[in-house]
Every structure is written in structure tokens, then in C-alpha cells.
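Shown next as C-alpha cells: one chain only, the form predicted alone.
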């Protein structure tokens, strides 16, 4: 089984880099794991709606090349889960797919084309989080989901 996280942009600060490294190390105890970053398109301070759509389309070309297996898109409008339900969902997806790819969009989200390809659109919250911190949160929840599945005492 393989889990892949593809994110637009990179982790810029040491705090998030260290957090991501720790959870990646933990995840790799359970499965093959890959983290892939694609470059964020150059942004103007205040792009208009047309420019934003163009940015999303260019980023989607890069994202689409990285998709393997079942696609899960992180989207504020997606379905919300408890950690236990998320663990069950991952397990169910992996029963029929050897790979899950999670996609984390950039500053303006994810193009509708990529969203339409998703097996699951998932939201953590209606709140907005810093990109780097959110990526660490996703990795932690993937680890937590795998720990729940493995009956480890991590999840309380």
C-alpha cells in the first residue's frame, strides 16, 4: 500500500519542515509514502477572477501528472470526518486501490477539473489554516488514521 501527498508550494519554515519530517517517518512504519511538491504559480498581489482561473489551470497540469490510484482532494467544501471515520475511510479506499494520492492546493485552491477526478473531497474545517501548518496537520491525521487501524495507543 502506498500513500502519496502532493502539495502546491513548499514548506518554508523550519517548524513545519520538522513536523512534516516527524510524521512522514511515523507513516513510513505502515506503508510506502511519498511527498511531492509542485511549484506554485507566480501570483500578483490582487489577481482578478480570470487570472486566478488561469493560475489554477496551470497548477492542475502539474498536479494531474502526480496522481496515482484513488484521489483525495483537500477542499474546504468537502466532507468532514472524525479521526476514527477518516481511518475507516482510508482503509476502505485502500481495499480497492493500492495507492491513495492526497492533493493540497495552493493559495487559490484547486481547479475544478482536479476536484471532479477525486474519489473523495475532504475538509478539515471551515476555518482557514496556514499552508505549511495544514500540511503537517494532514500528515498527523494520516498517521493517526494508520495508528487507529493498527490498534496502536496513539489515538485517545
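Note that the coordinates shown come from a computational prediction; the quantities given were computed from them, not determined experimentally. Positions refer to the first chain, counted from 1.
Keep in mind the form predicted in complex with another copy of the chain is missing from the figure; the text below concerns it.
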Exercise. Looking at 64 to 72, 28 to 36, 120 to 128, 92 to 100, which one sits within 4.5 Å of another copy of the chain in the model of the complex if you count heavy atoms only?
Worked result: 120 to 128
Exercise. Might residue 24 be said to contact another copy of the chain in the model of the complex, defining contact as any heavy atom within 4.5 Å?
Worked result: no
For this session: Check whether residue 11 has any heavy atom within 4.5 Å of a heavy atom of another copy of the chain in the model of the complex, and answer yes or no.
Result: no
Exercise. Looking in the model of the complex, any heavy atom of residue 88 within 4.5 Å of another copy of the chain?
Worked result: no
Exercise. Residue 42: heavy atom within 4.5 Å of another copy of the chain in the model of the complex?
Worked result: yes
Exercise. Is another copy of the chain in the model of the complex near all of 18, 133 and 137, within 4.5 Å of a heavy atom of each?
Worked result: yes
